[in-house]
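The chain below stands alone and is given in structure tokens; this is the form predicted alone.
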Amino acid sequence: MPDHFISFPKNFIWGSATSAFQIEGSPLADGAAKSNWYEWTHTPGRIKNGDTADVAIDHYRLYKNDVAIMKQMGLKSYRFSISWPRIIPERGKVNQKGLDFYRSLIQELLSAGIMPNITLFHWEVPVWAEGGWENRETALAFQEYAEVLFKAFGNEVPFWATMNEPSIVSGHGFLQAYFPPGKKDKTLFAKAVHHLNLGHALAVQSFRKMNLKGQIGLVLAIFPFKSRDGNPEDEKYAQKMFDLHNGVFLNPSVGRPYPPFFFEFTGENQADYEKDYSLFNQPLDFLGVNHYNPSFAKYVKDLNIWENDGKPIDGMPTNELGWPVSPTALYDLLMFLWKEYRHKQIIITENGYPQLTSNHTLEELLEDDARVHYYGTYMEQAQKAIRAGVPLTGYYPWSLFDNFEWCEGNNPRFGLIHVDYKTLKRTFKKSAHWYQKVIAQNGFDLGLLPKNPNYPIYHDKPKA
């Protein structure tokens, strides 16, 4: 091997990831209930260009073809979510046709030699769950749903995650009104955070009681916050931002109380929340880390803390959504998580680079050098963290396919596989071919990454 070959441990898990609502389509098929996201996407003005996920990439009907693509790529594992309203159309009722779909998908994966990695909750709440996560009863209903899946598939599926990115659900949904239920209320934000933690803990508790042989964890979107210039006020502000985004879920995952700023920010009574702390202490088999970029914090007096002035540093490369590209931030994050929280296993469950359809020709979308460079430089930092002692055991690029990207609609494309949304044709991008070789070689030649990737560069606008 050349000196600049980046190799990974022998049993490293190479996978890729998707979510149910973003790829399946047919959201009401075969007895499924409506979800909060189904209603959100059918509310005028919520989704760019009026896009919906009614078809998405039609994975619900084309899953066998999609598993064949995974096998062709050489995936060792496939991370996907299960649609709660597809399984539980009303509380206490199980939809057998929903279970049958996922059973067929799981069997197809196992027959292809691909390890299923299931996420129970990737943002879809059934509409029958009144109040959603602001209601404690939703956490109890989530436990019931989890138990249905554990009983159905617990002997076949080796990896489970309870939730995907609860910080996005609580922050975007209850403070920014960007995601459903579209509210801006600190008290409801606090309740949603707490009930998401409760639902997670109850699901883990049920998993342990059933003595299943697999592993269970939690997937968090973790954005390390930094100041742009080292200003002490900005550093304090950055810590507060970290506490609200990350600490409120990281702390309970290892049996610690909420950060004090959580109560300072929301005005909630700490005693009302402490009664569940002992229940939250459910040891995890792994922490799933979704990381795309660092975030920056700039203190502005009297600014609502959630309206952070988070512009990148002047001259910094970004992706096409304006998120900073900083591979070393991944190394720093992995080292921080390992030293501060000591999870016994960490898996990178999402990491990826978007392109905007509106900015490119089809040929440019397929020749995605920037994505290849992004993956390679981030993987390099992941391997560096492993060499430093971080128990990192797997990597799942986001995403396997171009898909419906929530409120952004169909324009941002994160996929290794290009999807024509009119014909549903799947086509390997350059990044897919590159990743196929990475998996086969259990590493890659750093010196062969594309030179001078065409990253957008952020520039501060001159003051008037």
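From 1 onward, residues are counted along the sequence shown. These figures come from a predicted structure and were not determined experimentally.
The protein also exists as the form predicted in complex with a small molecule; that form is not presented, and the subsequent description refers to it.
- Checking Trp434, Trp398, Tyr63, Trp40 against the small molecule in the predicted bound form, a heavy atom within 4.5 Å turns up for just one residue: Trp398.
- Taking a 4.5 Å heavy atom cutoff to the small molecule in the predicted bound form, the contact residue among Tyr78, Phe142, Tyr292, Tyr378 is Tyr292.
- Contact with the small molecule in the predicted bound form, defined as a heavy atom within 4.5 Å, is made by all three of His122, Glu165 and Glu405.
- The small molecule in the predicted bound form is not approached by Ser16, whose heavy atoms all lie more than 4.5 angstroms from it.
- Interface membership of Glu350, defined by any non-hydrogen atom within 4.5 Å of the small molecule in the predicted bound form, is confirmed.
- In short, of 284-292, 256-264, 128-136, 182-190 it is 284-292 that has heavy atoms within 4.5 Å of the small molecule in the predicted bound form.
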